[in-house]
Every structure is written in structure tokens, then in C-alpha cells.
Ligand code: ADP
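Next up: just one chain, as C-alpha cells, the form predicted on its own.
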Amino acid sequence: MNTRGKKKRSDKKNILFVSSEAVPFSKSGGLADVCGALPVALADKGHNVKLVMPRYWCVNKSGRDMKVILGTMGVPMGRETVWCQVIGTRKKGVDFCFIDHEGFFGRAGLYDDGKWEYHDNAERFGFLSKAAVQLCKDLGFKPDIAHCNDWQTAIVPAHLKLKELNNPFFSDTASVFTIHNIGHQGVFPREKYALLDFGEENFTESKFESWGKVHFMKGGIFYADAITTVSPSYAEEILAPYGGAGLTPYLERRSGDITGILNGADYESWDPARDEFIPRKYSVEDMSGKSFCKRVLQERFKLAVDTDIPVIGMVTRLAHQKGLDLLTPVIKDIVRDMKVQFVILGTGEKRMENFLKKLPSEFPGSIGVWIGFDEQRAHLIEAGSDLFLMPSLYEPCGLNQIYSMKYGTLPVVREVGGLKDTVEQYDERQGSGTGFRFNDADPWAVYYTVGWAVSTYYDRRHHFDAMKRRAMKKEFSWEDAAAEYERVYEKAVRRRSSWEKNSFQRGRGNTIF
């Protein structure tokens, strides 16, 4: 019997996937894209996946496909038991389980009210993590892998190793902690630690303590059996002195357990050949629709309608991480010195919003700006632009550069994280590459790299067009990413077995699992 390519039944795993957000239900950033796509890719490979997340207001619990999974569930929080309900639905082979607690999650914002972070985020996401573990017990779902994501779910590994240490139900459960963005770590006042109920012996500098405060991500790094990041280069960067945002010493201790796995892309939503948001579809075989999209883009953003002028697009959070402070000192020089147009869509820091708002009136016909987020405009920018600028100070993976390449829109990016891993540098001698990269975090590096891209558009158009076709053929699939996560899961299982065989004692010094 030919079994090539078929997964053995024993290889199928029960996977508990825990996240604070996931598309299509809730989203604040790239975390939701990953946590909405990776579980589906794992389910496609035959694994049994339950994704646990909060039931925010944006999740309609009265929806036709929703059903009550657990009418009541008690979750131990410190000395108290907090009661909630669990509702759920099944989509694309994944069981989505929503923790329904109106006090914690019945809010419009995921983490903040638009101005300030919620004061009880430690309670909210400490509860989510403990509820995910409790759900497994109440449903009789025995996970082989508990996969948690970012600081919001980082205490799951510690809960399994400390509170469930002697519970045979979890004796074979290995934990994986994925760092999507190390810039957000979950640091809270000391008194919040009592909610976790992990004992004073675990409130140490190597585990949960940081300058007298409780540090969720540090605990995840210490207790997880395996750690991943969302690109190979980002895995290297967080081990560097400044890239770890203060956590480098703790990550170095676990360096052998860290794996960088590049995110896949959602080509069902981001493909110009079937994109319902753009005015005319196109493909690498027939690019005529891209010129039409460009004209519509110029009209929509009140630019001079001229398809011979290169358009530089940006769809971004207006945040320090995204490198807008590298662009703002030179954007006026770029428009004055080069025959080029800009289209920018985003929301975020008010100072940046106020700066960008003034540009269309100062450079009418050359710069278009939309403050806010609009899905249709985002797709139109990807389709109608010639270049896509991402001058990020750091970028764990990035998705817009991947989308841009699929749309034949060449990325101009800083050489960090996933941008470095996905965009191939243009070689002027051979005409190869899929975009333009620069290294220095300096405004003039942005100016000259944009100038290089614009000069290629005008002076080496055959190179530019060949790069577009090459970029459109690139594939970053979730199937490939899921296969790499399967290998990490096996590594985590071995790690989990090894510390058990070595007679792990709770609270022992600075043991690294």
C-alpha cells in the first residue's frame, strides 16, 4: 500500500490554540491574521484544533452558527472562582471557542478604549489563559500541544507546569509560545501576581519578576517547551542586545529552543485575480487591470491622473515601530525632487495624523491621505500603486510587503525581520530581485532608496516590469508554515518528556525547561 504523503494517524495531534484575537472575529493587527490562518492550515493537515479566544462585543454570540458549548464554567483566579460561559462555532475544520465574560470582554476595544489601555488587562488575559486550560478539562479535550501567542496568553505554559503539574490529564501536554511582537510584553503592578496563584517562589527575576513588577512574557519565555517567532531574521534580532527589548538575556538562555517561522499569506483575500475589492481584476498573465486600478486610485485620492507617474503606497499603523519618523523629514523633498505620487492610509499617533493631514493641501495632486482604516481602500492601494513603502524600525514578519508582491507592487523596505526574509534585493546589473531594501534607520536612506526605485521605474523599465512579474509569482503559503510548526511541536514534545524524566521539581532555582 502506498502511504507516501499521507499522515499516520498517530501523528495527528490535539492542539489547544489560545489567542487574544483572530480573524474573522476580531482584529487589531497581524496577530489576528496569523491566529485566524495557522489553525486552519493545521486542521487541513489532519490535526484536531480548538482555538480559544475572548468573546468581545464584535463577536455576535447570537449568530446563527453560534452555540453554547459550556453553560457555566468556573475558572480559579487567585482565591476566587470566576464564572463564565463558553460559546462557539466551527469554521474551516477549526473549533472556535469564545470565553464569554461580560465584565472582562464585553467592550468595544480589545486592549484599550482608543486612548488608554484598560486598567484590568492583567486580570482579563490572566483569566483568558486559565479559562483555556479549564475548558480542556471540562470538555475532556486532552491537548498534545498548547500553543499560546504573545503576552496575552503567555501564562499558559506556567499554568501547565505549576498548577497542573501532577494532573495526569496534562501529563503529555507540551507548550509552544509564539512571540509576534516583543515590543508588547504585558508588565503589570506587583499586586497583580496574586491573581496567577503561582506562589512566591516563582516570583523571581528569571521567571515572572521584573523591577518589582509582574511580567507575563518573561514567564512564557521561561516555562514554554518551545518558542517561536514569526520570521527567521526576527528570531536572530530578538537575541541581539537591543532587539530583545530588555528580554535578550532571558531569550539567550533559551536560544536552542527558539525557531523563526515565516508567516504565510491569506491569498484567498489578497490576490488580484479574485479580489472583489478592486475595480478590475488582473494576473501575471494579463496585467491590464493594474493600470485601470491605478487610474481609479489616483481619482479616489484626488491625485493627478497619469499612469506614467509612479505611485508609492502605504497602508500602516501610524506608530513609532512603522518608521514614519524616517519618512516625515524627507517626504516633501521626495515629492519636490522626484516625479512621484504618494497615497497613505492609516491611523494611530495624533501627531503623525496631524502631519499627514496637511500634506494633500500643500502638495495637491501629488499626495493623497486617508486617516482611518478602510478595507476597500487598502486593497485599492495594493493594486493601484507601483511601489509600497515600509520603512519599519522593526518588523517581526510583516504582511503588506507579501501582499504587495502578489499585486505586482514592488516593496521598498528596511532590512529588518520578515521584510529582509521576504523581499529580494534588486540587482541593477542583472535586473533580478523583487524589491528595494535599505539598512540604515535614517531619513536619507529612505530618500535615496525611494530615488533608486523611482529611477528604476523611469530609466530601467524592463527591469521594473520583470521584477513585477517575478514578485507576483512568489508564494508564501500557510501550508509550508504549518509544516514547520509541526516540526516545532515534535521538538516541544521531546522537551516536555525530557524534563519530566529528569524529575523536575516545582520552584527549583533557575531551571530552564
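One-based numbering along the sequence shown. Small disclaimer: the values here were computed from a predicted structure and weren't measured.
Separately, the form predicted in complex with this ligand exists; it is not shown, and the next lines address it.
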Three residues, E164, F222 and R495; all within 4.5 Å of this ligand in the predicted complex via heavy atoms?
no
So which of T434, Q298, S233, N400 reaches within 4.5 angstroms of this ligand in the predicted complex, heavy atom to heavy atom?
N400
Exactly one of D333, E191, D374, D427 has a non-hydrogen atom within 4.5 Å of this ligand in the predicted complex; which residue is it?
D374
Location of this ligand contact in the predicted complex, chosen stretch of 454-462, 65-73, 22-30, 476-484 [non-hydrogen atom, 4.5 Å]:
22-30
Within a 4.5 Å heavy atom cut-off, is G346 in contact with this ligand in the predicted complex?
yes
Going by a heavy atom distance of 4.5 Å, is V315 a contact of this ligand in the predicted complex?
yes
Contact between V82 and this ligand in the predicted complex at 4.5 Å, heavy atoms?
no
Please run the contact check for W270 against this ligand in the predicted complex: heavy atoms, 4.5 angstroms, yes or no?
yes
Pull the contact list for 380-398: residues with a heavy atom within 4.5 Å of this ligand in the predicted complex, in sequence order.
M390, E395, G398
